[in-house]
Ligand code: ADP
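Listed next as C-alpha cells is one chain, alone, in the form predicted alone.
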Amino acid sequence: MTILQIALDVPLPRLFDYRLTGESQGSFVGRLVKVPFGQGVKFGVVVNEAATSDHPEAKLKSAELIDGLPALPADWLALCQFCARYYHYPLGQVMAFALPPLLRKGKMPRALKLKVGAGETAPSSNTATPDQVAAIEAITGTSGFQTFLLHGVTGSGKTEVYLRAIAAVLERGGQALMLVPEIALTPQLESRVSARFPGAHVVSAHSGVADAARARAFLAARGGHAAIVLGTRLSVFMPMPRLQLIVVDEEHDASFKQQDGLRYSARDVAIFRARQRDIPIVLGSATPSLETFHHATSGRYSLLELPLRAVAAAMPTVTTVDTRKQKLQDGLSAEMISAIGERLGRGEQSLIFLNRRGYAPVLACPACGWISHCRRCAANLVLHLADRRLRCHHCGLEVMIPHACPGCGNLDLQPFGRGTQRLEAALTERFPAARILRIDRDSADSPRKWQTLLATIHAGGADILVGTQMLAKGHDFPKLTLVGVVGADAALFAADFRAPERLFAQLMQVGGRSGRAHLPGAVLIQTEYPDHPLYRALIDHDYAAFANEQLAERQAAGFPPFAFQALLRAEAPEIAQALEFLGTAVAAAEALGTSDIMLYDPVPMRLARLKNRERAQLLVESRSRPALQNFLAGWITQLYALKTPRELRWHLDVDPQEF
C-alpha cells in the first residue's frame, strides 16, 4: 500500500496521510487528489509518498487521483515549500493560493488554443540608446543567477530593454516571466508585447482574469506552450519548465506585497525563484525601493543605469509653489491656475494629481462638532457628492448624506478637506470650456471603464485630467506637459518610516508623465514646506541623494534594510482580547529565548477598529535574518498550540510593509 502525504487547504501547518488503493506505478508527488475530510471532501496536492504512517493503516481514508491534470513540477512544489517556510504559512494554503481556482477544485478548463512559432519577433521601431544597449548586453550576456537593478528615469525606455532581453530568451527557446504591479497596466503591456512577438503564445495572469482563462494560462505555462507570462504578483507562481528570465517592473511598488492570507512579497519570491532556477532577474524602477538600491550600491545586485530619457530631450522642470504666502482659490494657487490656462491656450494637456478620491475627506457640523465617523471603523466616512453618499474607504460601508446634523439638527453641514470630485468641480467652474476628466477608483471601477478613459486621453478628448495614483505610472500621454501636485505635504510627517520613500516615488512617477514626447514638461508642487529635502531632491531629479539620506537615517535608527522585521497581528471584538493574546505570545517568545531578537510592546494598530473588529499588533525585530527566521519557526509552533477564543484571529506578517 502507498501512503500519500497530502497538503490540504486548511489552517494547520501539517500534511495529512491517506492511502492509495489499487495498483500504483510511478510517482504521485505533485498530483492533485480528492480526499474525504471531516464531513465533506477537499482537494489537495501530494507532497510525499511513504511506506508507513504514524496512524493505523486501517483508519486511513482513501485518496482519489484527479485524472487529466498533470503533476505539478518539482520546482513549483519547492517554491511553495519555500513560501510556507519563510512566511510561516500552512503549505496546503500556500498551494491552494498558488493554484487557479478551477484547478484548485479539481476541474479542467476547455482545450487550450495555442500559438506556434514563439521565436518570431517583430522589429522594434525604436533605436536603442547606448545606455539601453549596455543594459541589454549585460542581461543577455549573463549565465546563471544574477539580480540586476535597472535604474532608469521615467521615460528612459526600460520596457524596451525588457523586450529585447525577452527576445533573446525566445530565440534560445526559453520562457520569460514579467511581473507588473497593477492590473490596469497589464492590458496595455500585453498589447505591446503581443505586437513585438506576434508568433508567441502570451498569457496574462491576474485576479481580473476569468477562472477558466486563468486555468488555461496556468496549464499553457506548465506545458511550456506559453512563451511569455505577464501578470501581477500572483503570476510569480506560474509553473514554467523553460523559464530563463524574470522581469519585475516598478519593483518598488507596494502592491507586490500581498496584504492578506499569504502575506508574501512577489518581488522577493521572484528573486528566490531566479536563484532556484539559476537564471537572471531584472528589477526595474525609476525610484527603486531603498532595500533594492542598498543591495545594488553595496554590490549584492548589479546596477544598470538609464540616466537619460529615450525620446524626450530632457526631464520636466520641477518647481515648488510656496502656499504659505498666498490664499488658495478652491485649493489651487495662482501659479497653478495660470499654468493650466497656458496649456489650454496651447492645446496641451494638464494632470492635477490629488491622491484622495471622493468630494471631501469628511462631512462635519460647525455648530456641535459632529463628524461623519464610520460606525464600523476608526475612520471617517468620505463625502461622495456625485452619488449622494458617505462612504468608508476601509470597509465599504455606505450611507445616505444626512439632511441635518444627527447630533444637533443643524441643517448647515460642511465638507472639510478636498478630494478629486471637489477638485474636478472647482476646475469645471474655473475653466468652463475645458474638457475635464476625473480618473480614480470611482470613475474607473471596471477594466472596461478604465480602458475607455485611457482611449479618450490618448485621442486628445480631454484637456485637464484630475487623477489619483492610478495615473502615476506606466502611461505615455504625448500631449501632457503639466503635472500639478496638490495635498502632498501630509505624507512628509507620517508615522510610518516608509512614508517619505513612498511619497518621493509617487511624485517622481506622476511627474514623469509630463513631457514624455517632444513637448517640454513641467511639474508644479504646492507645498507649505518648499525647502524640505525631499522636494529639493525632486527638483534636482536626484534619487540617489534622497535614497542615501534616507538610508543613513534608517541605519542610525536600526530600520530595514539594516534590520529584519515581522508583525504578529490579532483582531477580536474587543481590543482587550487582542492585547491579551499578544501578551501571551510575548510570554511564549521569552520562554524560547530572545538573545538576538527585539520584542516590542503590544499596541493597538493605527486603524484600531476595522469592520467592527478591534486590532492590535506586536513588532519583532532582529539585525540577523537567519536569527529572526529561526526564532519565528519555533514561535509559530507555540502560537498554534495556544488556546484562543473562537472569535479571535491572528496572523504573522514577515517583512511587513504596512504598520
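In this text, residue numbers run from 1 along the sequence as written. For clarity, every value in this text was computed on a predicted model and none was experimentally measured.
There is another form of the same protein, the form predicted together with this ligand; it is not shown, and what comes next is about it.
Taking the partner from the other structure, this ligand in the model of the complex has a heavy atom within 4.5 Å of a heavy atom of Glu160. This ligand in the model of the complex comes within 4.5 Å of a heavy atom belonging to Thr154. For Ala557, no non-hydrogen atom is located within 4.5 Å of this ligand in the model of the complex, even though that partner is not displayed. In the model of the complex, this ligand sits beyond 4.5 Å of every heavy atom of Ser298.
The stretch in contact with this ligand in the model of the complex, judged by heavy atoms within 4.5 Å, is 146-154, chosen from 231-239, 146-154, 491-499, 421-429.
Note on the partner interface in the model of the complex: the residue among Gln244, Thr323, Thr320, Thr129 having a heavy atom within 4.5 angstroms of this ligand is Thr129. Put simply, of Arg536, Arg172, Arg192, Lys105 only one has a heavy atom within 4.5 Å of this ligand in the model of the complex, and it is Arg192.
For the partner-free chain shown, just Ala310 of 293-310 comes within 4.5 angstroms of this ligand in the model of the complex, judged by any non-hydrogen atom.
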